[in-house]
Structures are given as structure tokens and as C-alpha cells.
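Coming up is one lone chain in C-alpha cells, specifically the form predicted on its own.
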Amino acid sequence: MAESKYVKSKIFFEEEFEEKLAEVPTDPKGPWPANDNLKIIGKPVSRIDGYDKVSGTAVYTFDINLPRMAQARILRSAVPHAKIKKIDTGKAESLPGVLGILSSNNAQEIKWFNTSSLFDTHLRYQGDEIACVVAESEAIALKALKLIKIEFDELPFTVDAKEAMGEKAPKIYDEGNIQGGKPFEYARGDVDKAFQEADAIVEDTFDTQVAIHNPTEVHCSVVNWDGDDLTVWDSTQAIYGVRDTVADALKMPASKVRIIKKYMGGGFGSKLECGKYTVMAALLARKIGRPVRIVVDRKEMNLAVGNRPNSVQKLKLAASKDGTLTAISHYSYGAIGGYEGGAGCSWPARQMYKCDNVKVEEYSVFTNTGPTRPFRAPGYPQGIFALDSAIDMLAEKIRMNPLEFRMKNNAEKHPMWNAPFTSKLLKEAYEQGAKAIGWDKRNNQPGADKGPVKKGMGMASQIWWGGGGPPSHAVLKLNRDGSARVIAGTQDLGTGTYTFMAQIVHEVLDIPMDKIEVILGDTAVGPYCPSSGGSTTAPSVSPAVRDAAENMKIKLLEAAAAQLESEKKNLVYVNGLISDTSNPEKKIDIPGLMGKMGEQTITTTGSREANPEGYITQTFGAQFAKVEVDTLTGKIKVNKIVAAHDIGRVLNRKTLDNQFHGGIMQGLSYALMEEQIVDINTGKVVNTNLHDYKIPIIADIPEIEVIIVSEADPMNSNTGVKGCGEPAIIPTAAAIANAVYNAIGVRIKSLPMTPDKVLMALNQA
């Protein structure tokens, strides 16, 4: 029986550190050898859930259909700022097929839940929730929404963060429009003195847009009560997070709430939180005594379930003649919408490069716009776009190659805490990425190409967390026929979690992949695992699965010793066969051993070990871009991206490439296309669909080369894995922007870099 202990676990997750009490093994397994010496880990293995998805048999939350299931839809504010005086639901309630309506009107009817946090009579953005209707069909529910009469006082609004910070701006909260009433501030060293003594200084302002997650599968939930027990099928990145939020909201024990999520069509951070719609559906299902399905359509997703906030960043950097980065000043602000959120983007400025003098001041500003929510590396694509653009500017000012400048200012220890890294191979990423892109052929003089179409190269750096940590657990069951079932309370977002878990069991126990069943996404079945965000799933879950498999191997050796009447010390486990080194005639395979046990099932548990104390685990990397810019049309075409990264061990090369290709395309989209557009005169969003909200198509995809410079990070865990979901997107926009400058000699300091911005910059130059 594996022994364990409890520790306080501290990991970085989506913009902040989280500390949890975690159970960890007292006998952590040693590190694996390099992938070249492993059987299946690191190899390009096809997804074990691939057939379900391509055949259409995969069941997503959107597909759940229960007997007598009713349909619910939400009435949302059509204006950006108002206070409700009266809600009249009479006509809607009398519509045939309407089963119930939830709003602030009937809050007192539900004594076990305070709906003041669900419906607020102070509407703060277009899309804010007003009421929810449940009906026999979605069509009836939508018709009923139109029959609800709202009397309200429309209020002055502000959709611009800079305007909202002014004294004369409409107040979204009585306390003011600055979240917390003050900025976030950070400082080290003496920035003012460093600027006074600097040989070179650059100073400029950069801005980035609001971006929407827009996953393929819309947000949705199906809920069903069985007495006092509630089951929720939810498209979520956090089954345990949703369980706890729903339980708290409904004032019921978490043990009475079950969350199920087998497959989902993407999330990118937007599905890390429990939606209000889930709680509404639960309330209505309880009221009518029937299952309820609630779907947030594409327009609602573009209004109300979160976004990557915009940013305005004023950067000032200083360096000495020899290329030493001596000072960074970062001032920024961004709109967080009508409710609490985060618009911070200064993490890169604080930790990307070695710099003794850093000062940060950033504001999260309330506006009458949709709420923010974590979006694939929250704050980092914005921050790296501005920082690495300014880094290139500073390198040019002292006539230094921007690659050489970055390598010189590479931090050997974490700049904020002076702590060593568990591993860092950023220099190797710089070197290998530069070689692959042909960096030595880069334009020495930006804009030097003749003719209207000009080519250029650029690069940018990447830093992220992704080390994962406990608590994270897995259960492994071995059946009589030698098949296995591995169970964990994690969730697969489409990134390959099912597959890498099966690979690990196969690696340790040599059980064929087609005989390994993986069960995820069910709080009633799987032991606790953390939310899937922040590139933490694989580094948190894979060590727990390996621990369970290694514990199973120990049990099998003990059982074989009894069956073969051998000394355990003489037994070896190779290719699924246990044999006695002292007597080669004594041997037994797993099915044979299990058959001797009758109907027994052997079960083991595994846990993720504690993170190493005194060390920081982060991912690192660099991306290089080749572009061409048509100076007559302003169109930017990305021809190639090289992504060279240190992300620890690769579990599955095929799914890793999938992650990087997807992240790079999302980064390219952020750089060149996508943007939520709000009419400043009406406060309304004008592009709430995938026709008007531009994202890349196949024709926009450049050549992508992914280079992994790391073998493993054995100090981080027994699998040596670091996350790769976020690193793929972080430096893409900055690398493209620097390549555009190298091509045309004019810097674009605003995202997205659309043709009109390119032409305007060229004309101004």
C-alpha cells in the first residue's frame, strides 16, 4: 500500500497563485529516461477518442437529450447601462408551453437561494441577464422572451477604459470605475536612477484589442434532479469547480451535486468558471420537476461569457551600450467590463528578462462592456506584444542584433524572487529557432527590399508557468482479462488527455492500448484533479497516472511471487511478462495472473508528488516569423512560423504538434484579424457572429515548424512534463509584428495589424 502525506501546494494558475492542502506520495517515483529509451511516451500516437469524434458518435454536452427535457433561454439586456424599474412576465407566463420564469421578481419564492447575485436590477452591459424562461421547446422559450416587458431607466454609459477613468465618466459602481479603487503596483530596484544613467532609452505606447474565445461548442448545460441529488452535464474545463460553485449557489452539499463532461468542443479559458446559466437551469429544473437544457447561442457567447480584455501599454526601456537591459517601466490599463475581472498584462515585463530595475502600474477599469475571463495565457500575448516590440526597438537603437540582445539579457534565476528554475533551455530555443528560420538572412536594413511586396523576419520570446502540481489523483483498475481502466477527475478539452493517460499505463505495464479504457469528466467517479487551464493538466495528471501504474506493477509482482512461489526480489517485469530470474521456467503474464485471482479486480491509486521547494517551474521558448507585406494593399501574409520551446517532456508528439499548430493559428488570428468592435455611440457590439468576427481559414495557415529543445524536467515531477497549451500562443503576435517592421521599416503598435493600419503607418512615415 503506497503511503502518503499532506503538504501545502502552491501553483500558479490563470493569473494568480493558488495554495491548496494536497495529499502526495511519500515515495515519489524516479524520473523516466529520455523518450528515445521509452516505448510509447513521446511517440506520435493517434488519439484513442479520434474515431468517436470523426464518426460523429462522440457525445458532447450539446448532444445530451433526456426524457421530458425542457428548454431554457435567457433574456439579456439590449442596452449597455440601465436600472430596471419593473419586470412584467404576465404575457410570457400565459404563453402555451411556458413552464416557468426566473427573474428578480420571484427571488423570494426560492428561499434556499439568494438570486441577487444571479439577477441584478442594475444592468451594466449589453448582454447582462434579466430573466430566464423554461418551456416545452426552445422556440417557445425564445417567443416568451419577447413577451417579457421591462421598464427601466437608461443610464449614461462608457465603453472606453480611458474615458471611464476620468472624473466625469458615468459611474458603473458607486465606489468608482477602478477595480479595487487603485492600480496594481510592483517595483524593484531604482528605475528613475537607471533611466538617468542609461546610454539608450526607448519609450512608446502599444494597444491591443478585445478578443473573444469563440470555441466551436457553445456554452451549455443539461440539469436533472433525482430527489435532492442534482446531476449536471456541462461543457466545462473544471468539473469540480462547477460542482462547488453550483453547490454553494444552491446552498446544498457538494456531495449531492454531480458534474459530467465527456467531450467538449473547446474552451480556451472561457469555460473555467461556472456560468450563471447553469444555476438558472438548476433552479428551473427544481421548480418544474423536469430536466432542463440551456444553451448560450453564438451571439450571447460574443456578449456575455468572457473575453480577453484590451490593453493600452506605455513602455519605457533603458540599456547600456554593451546591451545590458537596465530599466523597464510599464504603465497599462484595460477594460474589464461591468463586473470584476482582470486586465493585467505586466507579468512579462516583470519576469521575462534579467533587469534589476522594474516599475509597474496597471489599472483594471470597469466599463459598460462584457466581462473578462481567462483566455489562453491571460495577459501574456498582450504583454509580450508590447514588451518584445520595445525590446527590438531598444536593440536597434544600440545597433545590436535583437536575438543577441535577448540572449545577453536571459535570466538565469527568476528576476522577481531570485529563485532557480527547475529547468530552463531558453538559449537553446533561441539558437535552434534562429537556425531553422535562417535568421542570418534577415534584413540588416528594415524595409530594404525593392518593389511593393517586402519580406521580413522577426522573433519574440515566451515565458509561462505550466508546472502543474498537486492535488491530483488517479485510480487504476486491472480486470480479469488483463484489460485496464484508468479513472481521473480531470477533463479533456480536445487536447489529448484520454490518449496520454493510456500511453502512460501502456508504458509502465505493457498493456495494449486498445485494452486500456480511460474514464474522465465525472465528479461521481473520478478522484479529484484540478481544473484544465493554465497548461496544468498534463503536468498535474500524468504523474498521478504514472504513480498508479507503478503501484500496480508492485502489486502484480507481489501477486506473482505468491502464485509462482518465488522470492519477489528475483522477479522481473518485462513486456507484460513476470519471470523469475533464478528459474526461467517460472513465468506468468498479466491475463494469466489475473485469471488465477478469479473475479478479483486489482485497484491502485496514484497521486501527483509535491512541487520542489525553493524552485520555480516555468516554460520558455521563442517564435520566429517570416512575413511579406504588400505596401500597396497593406495586407500582411505570414509565410512561416518556427516555434522553439522548452516544455519539458513530450508525452505525445502528434497531439503536441496539434497544440502548437492551434495556438500559433490563434496567435496569428490575434495579430492580424480578430477584434470585438463596439459602437461607441450606442455601446453595442456590432460583430457578434463568426461572419463578422474574423478568424483564420485554411488559406491563412503558414508553414509551421515546431522544435522542442527539452527532454524532460525531472525536478518538476516523475514524468518531467511541463504544459504547452499557453506557450504556443504567447509570442506569435509579437514575432509577426517584429517581422512586419523588418519588412517595411515602419512599426505597427496596435493589434490587430489590419491593412488599414499598415497603410496609415506607411503614409505617416
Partner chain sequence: MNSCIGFILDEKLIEIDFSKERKFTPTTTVLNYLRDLPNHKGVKEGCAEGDCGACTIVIAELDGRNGLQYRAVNSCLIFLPKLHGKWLITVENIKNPDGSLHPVQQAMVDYHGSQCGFCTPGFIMSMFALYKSNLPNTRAVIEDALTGNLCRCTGYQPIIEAAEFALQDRKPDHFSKIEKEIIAILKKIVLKSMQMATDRQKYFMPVSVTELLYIKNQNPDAIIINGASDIALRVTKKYELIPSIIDTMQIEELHVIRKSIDHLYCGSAITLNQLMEVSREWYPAIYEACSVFGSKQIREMATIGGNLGTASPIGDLPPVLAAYKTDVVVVSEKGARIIPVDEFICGYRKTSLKKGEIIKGIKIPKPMDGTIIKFYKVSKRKDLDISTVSAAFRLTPDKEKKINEIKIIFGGMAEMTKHAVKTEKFLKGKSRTRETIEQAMPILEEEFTPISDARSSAQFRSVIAKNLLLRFFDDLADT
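Keep in mind that this is a model prediction, so the values were computed, not measured. Residue numbers count along the first chain shown, from 1.
Here the subject shifts to the form predicted together with its partner chain, a form of this protein not shown in this document.
- Heavy atoms within 4.5 Å of its partner chain in the model of the complex are found in exactly one of 684-692, 396-404, 567-575, 439-447, that being 684-692.
- The contact with its partner chain in the model of the complex, taken as any heavy atom within 4.5 Å, belongs to His213 out of His213, Arg258, Arg350, Lys424.
- Among the residues Asn551, Asn357, Ser669, Gln179, the one placing a heavy atom within 4.5 Å of its partner chain in the model of the complex is Ser669.
- In the model of the complex, its partner chain sits within 4.5 Å of a heavy atom belonging to Thr631.
- Contact annotation: Asn37 falls outside 4.5 Å of its partner chain in the model of the complex, judged by heavy atom distances.
- Contact check for Lys635: a non-hydrogen atom falls within 4.5 Å of its partner chain in the model of the complex.
- Proximity of Asp756 to its partner chain in the model of the complex falls within the 4.5 Å heavy atom cutoff.
- Taken together, Phe17, Glu507 and Ile511 are entirely out of contact with its partner chain in the model of the complex: none brings a heavy atom within 4.5 Å.
- Contacts to its partner chain in the model of the complex (heavy atom within 4.5 Å) from stretch 240-275: Met264, Gly265, Gly266, Phe268.
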